[in-house]
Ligand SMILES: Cc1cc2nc3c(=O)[nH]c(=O)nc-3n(C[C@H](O)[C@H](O)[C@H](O)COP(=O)(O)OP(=O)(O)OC[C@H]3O[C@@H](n4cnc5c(N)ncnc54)[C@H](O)[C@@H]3O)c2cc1C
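Take a look at this single chain in structure tokens; it is the form predicted alone.
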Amino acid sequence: MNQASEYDAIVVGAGIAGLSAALYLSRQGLKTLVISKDLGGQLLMAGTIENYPGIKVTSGAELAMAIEDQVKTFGGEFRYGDVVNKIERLEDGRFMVSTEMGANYICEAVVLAFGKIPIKMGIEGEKEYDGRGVSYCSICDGPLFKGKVTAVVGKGIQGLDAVLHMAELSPKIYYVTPTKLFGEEELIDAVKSLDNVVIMEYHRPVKVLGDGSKVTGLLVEDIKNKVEKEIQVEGIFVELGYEAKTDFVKGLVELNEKNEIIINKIGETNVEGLFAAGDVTDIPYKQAVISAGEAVKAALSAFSYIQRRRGRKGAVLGDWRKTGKVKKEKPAFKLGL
């Protein structure tokens, strides 16, 4: 086993939840490490964000980079390109966090904020051409296929949104969906009105076709009559939704029927010292600002937990102060009776 590096807190995931948790942990003076496959997570799929409080317009990537810079300002560290695959509780109450690349870390508290991952098609050729024509983010990779014939394999609002986005970039798009079109009527009408979109309802993907280096087509099957058809495309965008990949914490933390991590109102799991936030939890309304807020609660709970472990009072710095004691201001007026 590789020698384990020690931190006060470790955040698993660098999406909006992971970054927000890391910001508040590092700001409280804790030695904090963020472990993630990439920076941004699902946030990268948001080309334009217009509903984040205080920010008129930004992109998911810009928001992620801005928060990452804030975290680094407070001393937070990042390890990208790796994935946590095991967490175990040590005899002294700390945690051992291990990754796929063989790295080991010890910490007093862990915040699980690794979000959800795209649901894959599960067909031949998908893995082989992942990143070479098969994409799970039309917002991220769509511009790479400008002027090329593409396919969107999806369903619901997510699939419709991807089609509308790609319609501005591709001369022809095949929309392969296993059901009848469903979602917001406005989106359905918009997709149906596009001349460059071929809608293939009740079809499923069978095989990704390629020349060994890139995608050249997609074999699909008509679900009703079992007839297969090959469509010639250079890009395939998979928009089938997302799932929580929580297998590595199964048996450690309590999960619901969707494999989401169950938390209380302050981000605690059923394991002391182990916290969670964001889309990977059972909190409804999967929105960036909600994930950020939930992550802040989890981070402050983790800080308080660490302080208690060390026999200290868990004083949390408020947003209205920098350092030192809170200065009490005299009221500007008194309310009359």
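Everything numeric in this text was worked out from a predicted model, so none of it was measured. Note that residue numbering follows the sequence shown and begins at 1.
The same protein also has a form predicted together with the ligand, omitted here; what follows describes it.
At a distance of at most 4.5 angstroms from the ligand in the predicted complex, all three residues 36, 43 and 291 contribute at least one non-hydrogen atom. Exactly one listed residue, out of 297, 286, 309, 31, brings a non-hydrogen atom to within 4.5 Å of the ligand in the predicted complex: 286. Only one segment in the set 78 to 86, 169 to 177, 122 to 130, 201 to 209 has any non-hydrogen atom within 4.5 angstroms of the ligand in the predicted complex, and it is 78 to 86. Using a 4.5 angstroms limit between non-hydrogen atoms, residue 114 touches the ligand in the predicted complex. Interface membership of residue 48, defined by any non-hydrogen atom within 4.5 Å of the ligand in the predicted complex, is confirmed. In the predicted complex, the ligand lies farther than 4.5 Å from every heavy atom of residue 22. Remark: residue 242 counts among the residues lining the ligand in the predicted complex, judged by a heavy atom distance of 4.5 Å or less. Heavy atoms closer than or equal to 4.5 Å to the ligand in the predicted complex belong, across 248 to 270, to one residue only: 248.
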